[in-house]
Every structure is written in C-alpha cells, then in structure tokens.
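Before any questions on binding or motion, here is one chain by itself as structure tokens, the form predicted on its own.
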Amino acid sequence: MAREYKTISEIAGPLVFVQQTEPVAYGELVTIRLSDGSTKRGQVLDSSKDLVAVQVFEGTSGINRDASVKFLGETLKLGVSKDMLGRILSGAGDPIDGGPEIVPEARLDIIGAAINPYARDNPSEFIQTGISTIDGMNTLVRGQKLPIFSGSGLPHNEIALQVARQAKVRGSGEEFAVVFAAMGITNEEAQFFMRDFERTGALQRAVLFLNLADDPAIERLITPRLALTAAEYLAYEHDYHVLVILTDLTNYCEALRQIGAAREEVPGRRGYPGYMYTDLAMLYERAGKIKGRKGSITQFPILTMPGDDITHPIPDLSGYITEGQIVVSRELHRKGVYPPVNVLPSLSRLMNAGIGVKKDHHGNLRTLTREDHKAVSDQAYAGYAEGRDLRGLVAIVGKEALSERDRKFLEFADMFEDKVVRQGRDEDRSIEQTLDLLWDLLGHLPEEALTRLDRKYIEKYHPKYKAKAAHAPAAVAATR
C-alpha cells in the first residue's frame, strides 16, 4: 500500500526532507504531487527514524511545503529487452529517438547484483579495437575494465566512438554489442554521438543512454547504472559480448559532490564525498566474465582529469579499482597526432593474459594474437622511452653531440609517434598490421640494441631477414 505524507520540512538543492514517516527503504521510489496537480519523481537517498531525504529527478523548483510525498514501496528498475539494440534513450531510460516505447521482457533493479568472486572467470580473450596504441601496447581483454584518462578539450570522445565502431572479438563469431552512456554532455556533443553512430551503422548493435548537461544532477547518478543493467541483461541472458563505454565519469563524480553538499555531509578530499571510492567500485566491478556463461561485460570508462592532474581523486581512486589506464596526452594533441595516446604512462594489467599463444584448460594451444606480441611490444616501449629521454638531452646539448646510436633512438621516437600512434579516425588496423608496423620501425634500430627480442623472433619477423627469406626462393628458382 503506497503511503502519502504532507510533512515536508525542508527543500535544499535537489533534495526534499520529509518528517514523521513510517519506515521506508533506502533507494525506494517516490512521487511528489505539487499544489498545481503536476507530479515529480524521486528516490530515497537517506532514511532515519525522524527524517527521510528524497532526491528529486526533475529538480525541486515549484515544490513547496504543501506538496504531498508518496512512497511507492519499490526500487528503481529498468525495463529491458533485446529490442533496446539500435535505440537512443535519455539518461533516465526513456526513448528520445522518436521510436516506440520498448516493451520489456523483464524489469531489473538498476543497482544490480555483485558478481561472486568465486564465480568470476579470468579475462583471457583479446578484443581488437583497431587502434595500434591500444591493441599493440596496452591490449584490451574481454571482461576487463580499462579507463581512458584524458583532459578537457582532448579527443577522448572521438577515441571512444572509434572503439565503439571497430571493437570485435576475433575468430569467435559471437555476437558483440556496445552500451554507450554519456553523462553531463552538451546538446552539441549528444548530436555528435547520435550522428556518428547513425552514419557508421554502429547503432544497429548499440544502446545509447544520453544524460545532458541541463538534465538534473541526480539523473547522472542513475545513467551509468541503467547502462550497466542493460549490459548485464544482454550479456548474461542473450550471450552477447558487451563493451560498455561510460563518458564522462568526472561529471558523475561532480554530481556526487553536489548531492553530498546538499545533504551537508562532511566532505573528503577536494570536497568529494568520502564514499566515492565505494561508489565508483560499485560501477567498475560490474565488469567481468562469469564461469559457465558465454556473455561478458568489458568496461571502457572515460574520465577527464581536472587540470590534467593524474593525482586528482577521480583518476587516483579509479586507478586502484580498474586494471590499468589509457592516458591521452596534451603534448601529442598539440603536435596534431590522433589518437594522442601516450603509451609510457598507459598500462593494461591484463594484457599478458590476452595476447600471444596460450594453452587452454585441455592443454591445446590457442593463438590469441601472435607469438611475438609481448616481446615486440616491450622492445618498442623501451625504444620509445629512450628516444623520449634523449629529446630532453638534445634541448640542452644539441643533436650534434649525440652518438650514432642515440640518434637512431631519437629518430625511432619520432617515427613511433608518426607511424604507430598516428592513424586515421576511421582506420581499423588488425593486430598483424600493428605488429608488422612495430617490426618495420624496430628495423631502423641497431640489431644489437634489440635486447628484449628472442633471436628466433628476429630471424622470423625482422624486415632484414624477411627480405632475405623472400629473395631466397626467387634465387633458387633462377638457378634452376
């Protein structure tokens, strides 16, 4: 039985405080009837013996003490269906693409259920994004959570869209879907996302949730949870491999801070609530694979670091929970390099599990990428790091003071940025193309400097030996 009260004691920002209620549950849904007869929706944010705090989704303007508050006795649920694919929804889960209402096959609680650690399967399959700096150097693995650390004005959204268009699990033939949730974006950005998904046909296998900057801050807290609920349904009920892209988690955390201030909570670091770590973990930990289930959820969250500060609480806490990060560089962006991914501070902690040739449970060999992937990636990383260090030295002593070996490494760093990092916005490179590209560049370094590469790989893949191998059969044929 729904209970209705006219005991509003205070209205603060997005919150309404109600007194003298019966016990109500945390997260319970609420409708507020205004004196003009209109209604607004809300959710219980805090429940104590004397006072209940209700966050109002549509904002508190127009609400006064005469308004009546009705507690509905149920938590927020999302109506889910396979028909969600190809649809564009608001941050509250309502269709905004002019299409019909979605007829739900089930209604699921948006908080979701945590995956039992015992039931979790280890991520081990390579996801090809078509972007060399990710595939070759910081590989994304199915079931991983790998955030992009970016800054304001950098093309992280373009990178996210490119991944959404191009991502695939190679050789599996299994169905792949993208759930894209944008929080606190401008109308212009929303139009950009919708146009890009429609232009490339990627919308057919995607579900979009768009929360705009002028939508209530409360809705920003719901949007990623709706997206993850849709992803869990597609993954675990329909066996899809789901890639969840969340942008921008900084806007999500700002909404957390805003609501914390309205509740007059004691702030933590930089004014963010002390429970932000737990709150972010509740989102990130909904990625993964479950033993015995075909489907999986891989997360690709994006956050813009305020002031490009990687020690800011949002990237700092995210780094503790996620399995690595892709760092977008302002320096490379200024040079006109796209995608401006700096591979040196970037990291994928699960990369080794998803590359190379591995034995499966039955002892059979599985080719995930290519046998030389780890070695060539390490060697390219070391070469690029040395070349970048030498740039600082050149600024002091000049290029003429360098040895021949050092000049080669300096040139390698420039070529790495120009040939490997730089690629077209619609360029979809296979992992073989990326690895061959790395070998071509490593061919410019002295062979004795390739200390991280096994001799058998050098003789098989190094451009010098590949050219000899290609000429050898021709020479034999000519002598006959």
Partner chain sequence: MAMQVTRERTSGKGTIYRISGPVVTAQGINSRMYDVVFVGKEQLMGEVIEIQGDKTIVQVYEDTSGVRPGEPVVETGRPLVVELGPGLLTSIYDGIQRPLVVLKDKMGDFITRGVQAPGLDHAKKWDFKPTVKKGDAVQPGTILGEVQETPTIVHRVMVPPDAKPSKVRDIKAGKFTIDEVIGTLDDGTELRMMHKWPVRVPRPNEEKLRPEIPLITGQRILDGLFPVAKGGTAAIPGPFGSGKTVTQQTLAKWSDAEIVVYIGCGERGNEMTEVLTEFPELKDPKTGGPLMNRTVLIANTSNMPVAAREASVYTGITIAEYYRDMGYDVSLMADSTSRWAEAMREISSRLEEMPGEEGYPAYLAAKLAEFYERAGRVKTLSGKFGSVTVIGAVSPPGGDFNEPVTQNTLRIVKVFWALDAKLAQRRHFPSINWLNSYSLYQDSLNDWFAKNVGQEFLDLRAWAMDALQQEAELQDIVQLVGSDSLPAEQQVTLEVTRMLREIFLQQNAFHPIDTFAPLERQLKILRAIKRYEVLSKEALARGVPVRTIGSVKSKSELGKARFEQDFDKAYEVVMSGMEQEFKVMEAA
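Rigid core (definition): largest C-alpha set, two forms, superposition within 1.5 Å. Positions refer to the first chain, counted from 1. What you see is a predicted model; the values in this text were computed from it and never measured.
Although not depicted, the form predicted together with its partner chain is the subject of the following passage.
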Handout entry: Check all three, Asp50, Asp121 and Val266, heavy atom within 4.5 Å of its partner chain in the predicted bound form
Key = yes
Handout entry: Proximity to its partner chain in the predicted bound form, single hit among Ile102, Ala92, Val337, Ile290 (heavy atom within 4.5 Å)
Key = Ile290
Fill in the blank from the handout: Residue within 4.5 Å of its partner chain in the predicted bound form by heavy atom, from Arg349, Arg330, Arg170, Arg195, is Arg349
Completion exercise
Only one of 309-317, 240-248, 219-227, 154-162 sits within 4.5 Å of its partner chain in the predicted bound form by heavy atom distance, namely 309-317
Handout entry: 4.5 angstroms heavy atom contact with its partner chain in the predicted bound form for Glu323
Key = yes
Practice task
Decide whether Tyr252 counts as a contact residue for its partner chain in the predicted bound form under a heavy atom distance cut-off of 4.5 Å.
Solution key: no
Practice task
Report whether the minimum heavy atom distance between Tyr277 and its partner chain in the predicted bound form is within 4.5 Å.
Solution key: yes
Practice task
Please check if Gly73 has a heavy atom lying within 4.5 Å of any heavy atom of its partner chain in the predicted bound form.
Solution key: yes
Problem - C-alpha of Asp214 off by 2 Å or more between the shown form and the other one on rigid core - result: no
Problem - Per-residue C-alpha change between the shown form and the other one, Gln55, threshold 2 Å, rigid core fit - result: yes
Problem - Val266 C-alpha shift between the shown form and the other one of 2 Å or more, rigid core reference - result: yes
